[in-house]
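This document contains two forms of one protein chain, each encoded as structure tokens and listed individually as structure 1 and structure 2.
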Structure 1
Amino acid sequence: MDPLSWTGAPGPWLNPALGVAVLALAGAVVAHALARIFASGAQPITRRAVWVTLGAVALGGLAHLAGALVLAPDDTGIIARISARFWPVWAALGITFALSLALRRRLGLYGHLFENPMGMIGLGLVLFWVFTAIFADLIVPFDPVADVISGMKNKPPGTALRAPEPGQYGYYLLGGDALARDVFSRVVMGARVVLGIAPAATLFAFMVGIVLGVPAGYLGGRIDTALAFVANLVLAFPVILLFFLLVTPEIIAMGVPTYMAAVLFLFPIVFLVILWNARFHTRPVLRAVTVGLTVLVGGWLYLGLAWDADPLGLISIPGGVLIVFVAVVFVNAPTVFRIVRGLTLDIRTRDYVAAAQTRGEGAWYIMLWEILPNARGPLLVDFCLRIGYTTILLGTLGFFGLGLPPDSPDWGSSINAGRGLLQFFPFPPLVPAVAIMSLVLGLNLLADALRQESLRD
């Protein structure tokens, strides 16, 4: 079979037209910018030119879309076929956006996002990758690790399989990598690895930062000095050196990640126990139930995740993933600590804290139920930004081949595997690079919009 083209059958005559339209749009935008600076009299004309050319580009795009929907499946190109593979994501995105737009008045801060175009784009990008990670099994045409098909090594996008078996997908849509695996399937599955680690690691870093940072800011004194010294120590440590020292097979063999996980994974349980205890200490039954449940469920997860000793045998993480997770939490926690400490120092002086102190509330109640909820705005924004930063850190680890097994489909490892032959076979590293960039861009845009919208309230 012939290799696929990017745009399929309508491409040869539609693409030149679209190219002209895009060039015209670029020209119009430049002219408009120049008119703004030098000749404000010409602005109405250039503005109209921008709109007209934008319309032409949109028309071209719509023609492609219509073509992809109307044409026989065999005539469609790579872009149309990839879009078709993503159908569960489009459906989920459509439902989410329709529901959110309809109910946006009742959704608080989340609803406000839909009044901010950049926020909507950011949310769209993030949700795209989240749904991709969820529905990855439905999207991938091949197994990202096991399917090594002969003759597909370093092939360009759209290459047809030489001898497809019945029921097998006929093309490598984004080409094959150096081991003849499907680049498209690897990127899609990589989303699952990245989005499985990054948000959870960020959440753990926040737990550590909050459990240590709120008391440091609220109580001050020796604890504060000691914790701040340790935090500054970790912060002054170059991230990359820490990764190279911590994330090596020798260290994993020594069991260091297990000990670090044993310490770091305790923090969420401690946090929740203190949280319930402070809230319900006047209602013994409720307190016993909530604290007991937390210890029971938390302890079970803790045994499984940190010590790989789940009595039920359900939960365990492989050593490579655990060390990556722990390293990322360890690097992020001191920054969160500093932010939380600073916020606490600020909020500590407010009247409602003084009121709670006069009422005779306990220190932990004030910290977790008076101060923390009032710090949620900046923390939410930082949480978004930090997931993006964590994604970048994961990519860095993968780029140096640290931690995750080399055949793991995560984006950093794929870039690492493909960078040697980058100048000759650009697609295996280029596609995951664009994936990382779009996810982080989405998170950063979302954080920026959240900051703007929460300031407006």
Structure 2
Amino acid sequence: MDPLSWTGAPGPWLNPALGVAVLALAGAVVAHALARIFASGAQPITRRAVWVTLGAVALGGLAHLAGALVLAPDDTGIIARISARFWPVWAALGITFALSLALRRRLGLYGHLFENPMGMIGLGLVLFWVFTAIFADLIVPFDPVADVISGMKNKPPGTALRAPEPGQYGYYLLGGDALARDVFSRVVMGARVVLGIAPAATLFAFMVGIVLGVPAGYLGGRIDTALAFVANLVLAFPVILLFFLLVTPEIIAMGVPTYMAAVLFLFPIVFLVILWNARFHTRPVLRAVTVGLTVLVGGWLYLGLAWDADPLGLISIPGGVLIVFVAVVFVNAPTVFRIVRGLTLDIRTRDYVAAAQTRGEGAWYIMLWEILPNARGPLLVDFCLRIGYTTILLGTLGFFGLGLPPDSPDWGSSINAGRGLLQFFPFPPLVPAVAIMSLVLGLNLLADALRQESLRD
């Protein structure tokens, strides 16, 4: 079979139109950003321009996708075939956006994102990778680790397999890496690895930061001094050195990562128990049920995640992933603590907190049900930004070969595996680098939109 071109038969007439649409979208985005800074009166015009050009780009992408579905297989190019492989993602994005636009008036802060062009672009980029991770098994044409096909080492995009087996996909759409594995399959499955670690690790770090930061800011005194000192001590420790220490055989043999996980993974259970106890302290039956279920389910997850001792054998984390997970939580938690503490110091002086104190509410009720909800805006913004930081951190760790297995399809490991031949075969490291950039860009745009809408709210 002949190698594929990027656009196939529709390329000569579709590429110029799509290129113009992309350039127009970039110009509209820049104009909208400048209008927000220098000419606020022009924002409606620039916002409309962003919407129009974004629609034009979307139509160009749909045209490529339609080409993959309508034209004969031999007439389609790499872009059309990749678009066709992502059909579950396009379907999920379409359903999500249609429902969100229809119900945006009822969805609070999330619904307001659909009135912000940058927020929609950021949300679209983030959801693209989220759905890619969910439907990765349906998208990938090859196993990203096991399928090593002879003759496909460092091949350019669109290279055909020499002798494909019956039912086997006939092309490496984005080329082959130094071990003759499909770059496209590894990038798609790498999204599952990255998005399986980054949001969960960030959420755990927030649990730790909230459990410690809210009482430190509200109660003050020696508790605040002690916790702030510990947080500053952790922040002063070099991050890369911490990761190098955690992956050394001697530290692993001592069980240090496991002991760290045992401590850090307790915080979500503690947070939820305190939350339900404070909320339902006047309803003892409901409090007993919610606290009991939290302890039961949380304890089961805790045994599997922290100690790899799930009695049902359903929950476990591989050793390398556990090290990375624990290290990321440990590094992020002190920063979250400082943010939560600062917000609490400000909010505790508000009138509604004084009103709750006058009613005789307990300290934990005031902290978790009066102060914390009113800090949700800055915390949501920081949560999105921190997932982006964690994604970059995971890429850095994978690049240095720390924690994750060497054959892992995560994006950092893929960049490291292809960097030696970057001058001659750029696609193996370039594609995962673009994936990291697009996900982090989407998270940053989403965080900026959340900040704007939370200030209006």
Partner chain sequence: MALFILRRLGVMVASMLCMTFIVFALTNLPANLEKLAKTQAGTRMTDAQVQSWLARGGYAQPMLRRYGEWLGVVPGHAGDASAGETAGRCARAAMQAGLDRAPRYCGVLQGNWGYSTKFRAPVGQVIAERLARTGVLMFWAFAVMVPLALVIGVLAGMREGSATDRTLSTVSIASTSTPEYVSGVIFVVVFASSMVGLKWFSGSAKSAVDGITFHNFTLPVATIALYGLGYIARMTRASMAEVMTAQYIRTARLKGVGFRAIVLRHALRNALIAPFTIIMLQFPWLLTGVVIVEELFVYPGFGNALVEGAQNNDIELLMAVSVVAVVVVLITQLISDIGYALLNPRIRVT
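When a residue number appears, read it as a position in the sequence of structure 1, where counting begins at 1. All of these numbers come straight from a predicted model, not from anything done at the bench. Between two forms, the rigid core is defined as the largest C-alpha subset superposing within 1.5 Å.
Between the two chain copies, the one drawn from the form predicted in complex with its partner chain is structure 1. Shown in the overlay between structures 1 and 2, fitted on the rigid core, is a CA shift at residue 248 of 2 Å or greater. Residue 393: CA moves less than 2 Å between structures 1 and 2 after rigid-core fitting. Core-superposed comparison between structures 1 and 2: CA of residue 31 displaced by 2 Å or more. Relative to the superposed core, residue 48 moves its CA by 15.0 Å between structures 1 and 2.
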